[in-house]
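Take a look at this single chain, the form predicted alone, given in structure tokens.
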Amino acid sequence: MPTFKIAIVGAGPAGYFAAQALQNLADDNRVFEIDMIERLPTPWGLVRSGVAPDHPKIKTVSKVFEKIASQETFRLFANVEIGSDVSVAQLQEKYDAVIIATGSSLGKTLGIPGENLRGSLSAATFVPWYNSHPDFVGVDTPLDSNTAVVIGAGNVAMDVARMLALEPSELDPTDTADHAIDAFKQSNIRKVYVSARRGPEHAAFTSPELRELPKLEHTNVVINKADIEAAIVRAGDSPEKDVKSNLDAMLLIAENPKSEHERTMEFLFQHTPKEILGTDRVEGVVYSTPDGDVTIKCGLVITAIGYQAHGIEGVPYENGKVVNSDGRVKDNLYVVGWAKRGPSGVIGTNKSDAAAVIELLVEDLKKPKNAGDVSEILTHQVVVSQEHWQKINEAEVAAGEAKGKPRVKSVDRAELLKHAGL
């Protein structure tokens, strides 16, 4: 029976769903041996370092990942960096197919004056900082001013704003990084603006996220009712289902504004950022609005306006994603997830996306190469296997149990490797 070896680069949702699709297509006529390669000592990608800590339900998809990883034909090679430890070209030589599933980790920039001031951050930096990503522990996050501005109209912008506007003790039972909880508890921020360039009918928030906002126990949520009414008119008699449910959710918030709390999250629509003011650090944002220019004084600006993929040698990129045709890149190279289509959709979107690409990949397979695997190249690296990761996982969960949290994530690579027994 032919055994095909497939390498998947990236251990996030797209990578796991690609592995699952391969496992589903294995039968009496063919076997797929899957080697998943991950730069960090820990897998799960954005489920670990991107999903907001106060949304634990979304993280339960990790149970699916663990089931995929428990198959005999699956191996994890974590703590291995593509480029320095092994090249894509080397993988292409060894494996029958190589799948890029590295996501999009770089935040897009606004390209306006003042964007490099202290206190101007990308969500691509801020989110992994509060989510215990080892590479972002030391991010300078000044929370000493009264007001923060989040620029963007998607769920990442809303997550960021919520994390800034929450009463910090609400994060105690979550897996938020300890250093971030400490910083939030000392934060002076009491007002958070979420600004969108276009009107509410164009916002990329999802309605379940919007409907959760009024449930915040210690935070006022403010939306101008006139903005929503005007958007409803502009959307017309038969708006798309998503647009209608978003506008309905926003109208509910607008009609029932809370004002009794000291913390407030306020939405601004049709606000286009022109300049971030300040000399040594952020002091405000100048916006262009339908009523003229407006300046909002603040000490922190976080941009959440999209992501783009990090380049990998030997892989063609254009406009922040891998150049591909339905997931085919070149030769025996394929791409899935955000690296393929850009940062869109929810975690589940990656499942159907990966399944479609894997069908094409399997069609392309001829006969196995039998040319070895990545373990022959990685002779000096400390590799975290699935068994090692299970030890890390158990240690983090045990540390969390003692504190009433789902887990306490280690933020230090050396500590992670120690947990792994390496």
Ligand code: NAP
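Counting begins at 1, following the sequence as shown. Bear in mind that the values here come from a model prediction, so they are computed numbers and not experimental data.
Keep in mind the form predicted in complex with the ligand is missing from the figure; the text below concerns it.
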Query raised in the report: With the partner removed from view, which of 393-401, 362-370, 28-36, 51-59 is the stretch that lies within 4.5 Å of the ligand in the predicted complex, judged by heavy atom distances?
Result: 51-59
Query - the ligand contact in the predicted complex: residue 281, any heavy atom under 4.5 Å - result: no
Query raised in the report: Would residue 234 count as a contact of the ligand in the predicted complex, using a 4.5 angstroms cut-off between non-hydrogen atoms?
Result: no
Query - is_contact(residue 251, the ligand) in the predicted complex, heavy atom dist at most 4.5 Å - result: no
Report task. Flag residue 345 as yes or no: does it have a non-hydrogen atom within 4.5 angstroms of any non-hydrogen atom of the ligand in the predicted complex? Result -> yes
Query raised in the report: Using a 4.5 Å cut on heavy atoms, which of 129, 307, 184, 74 is close to the ligand in the predicted complex?
Result: 307
Query - Listed residue (297, 198, 328, 190) with a non-hydrogen atom within 4.5 angstroms of the ligand in the predicted complex - result: 198
Query raised in the report: With the partner absent here, would 159, 209 and 338 each sit within 4.5 Å of the ligand in the predicted complex, counting heavy atoms only?
Result: yes
Query raised in the report: Hey, which residues along 145-183 are within 4.5 angstroms of the ligand in the predicted complex, non-hydrogen atoms only?
Result: 151, 152, 153, 154, 155, 156, 157, 159
